[in-house]
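Just the one chain here, the form predicted alone, laid out as structure tokens.
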């Protein structure tokens, strides 16, 4: 039996492309506001003439407003975006695509946002919005939340909101320092998330690469003992999925280490573990941070990753991903996975 959205699409097939186009324009304005027509046209790969025509119609309907600094969504526009989200995702096939990935990889929930991470800058913002919504909807009472670094995880920040005074959330850095991008470090992100939510946070100012002697000595330090206790009782983990080569380069790994990873067939990295295409651990760095077995014990695991270039890494990690994982990705990556493996 046809669902209502399917019946509507069969009866009025010409309506969907127009609905999808205007929805995408309005949603992009909300995500990037205030924004000018030229910038919006460049972002959506449309002509200024097309943008002008469609935004004039949206303005006449009271869904957007044109101000000195650019276009912004009205409250009615925001309401329309939220009310039509499920319908647009259903008609575009994103809902069905997400369900296919859920079933194939045994994940708790998959969300596929429209667009291509590599071509549309709003996709990263959409990923953050969806991930933040999933996180906020699962906060109940006292929570310890472990957070890794990276651009995808950082995208949640602008969508986090102050929590109720009765809730007690503590963000903890899931790993020490990695690379040189301070804004994307776990320590920076837990401080930012905590500030956005009026919550507490704990940082871990330790390098990721430690000698065996230094590693054993650090395990006895009071600060490390405290962090390990937090990891043991973490309720939620928010993390990205990195390709093995990308993460090794970010860690300033030596040519010898890069050669070893290549020889062992490392494809993906998460929590300091490198996995091959079958999901087997082929390398593990000596680091202070949350361990894979601690992640597996968490009630909620939110993974955010996008881009077709990360598909191999995603598929590798899915072999070992906890079943309670909520995965948020983009349309381009999801379709690539579906075409290759489903």
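Note that the coordinates shown come from a computational prediction; the quantities given were computed from them, not determined experimentally. Residue numbers count along the first chain shown, from 1.
Heads up, the form predicted together with the DNA isn't pictured, but that's what we're talking about next.
Though the DNA is absent from this view, in the model of the complex it lies within 4.5 Å of a heavy atom of just one residue from 35, 285, 282, 31, which is 35. Interface membership of residue 296, defined by any non-hydrogen atom within 4.5 Å of the DNA in the model of the complex, is ruled out. Mapping the unseen interface onto this chain, residue 68 counts among the residues with a heavy atom inside 4.5 Å of the DNA in the model of the complex. Residue contact check for residue 61: none of its heavy atoms lie within 4.5 Å of the DNA in the model of the complex. The DNA is not drawn, but in the model of the complex it has no heavy atom within 4.5 Å of residue 309.
Note that among 285 to 293, 271 to 279, 298 to 306, 42 to 50, the stretch whose heavy atoms approach the DNA to within 4.5 Å in the model of the complex is 42 to 50.
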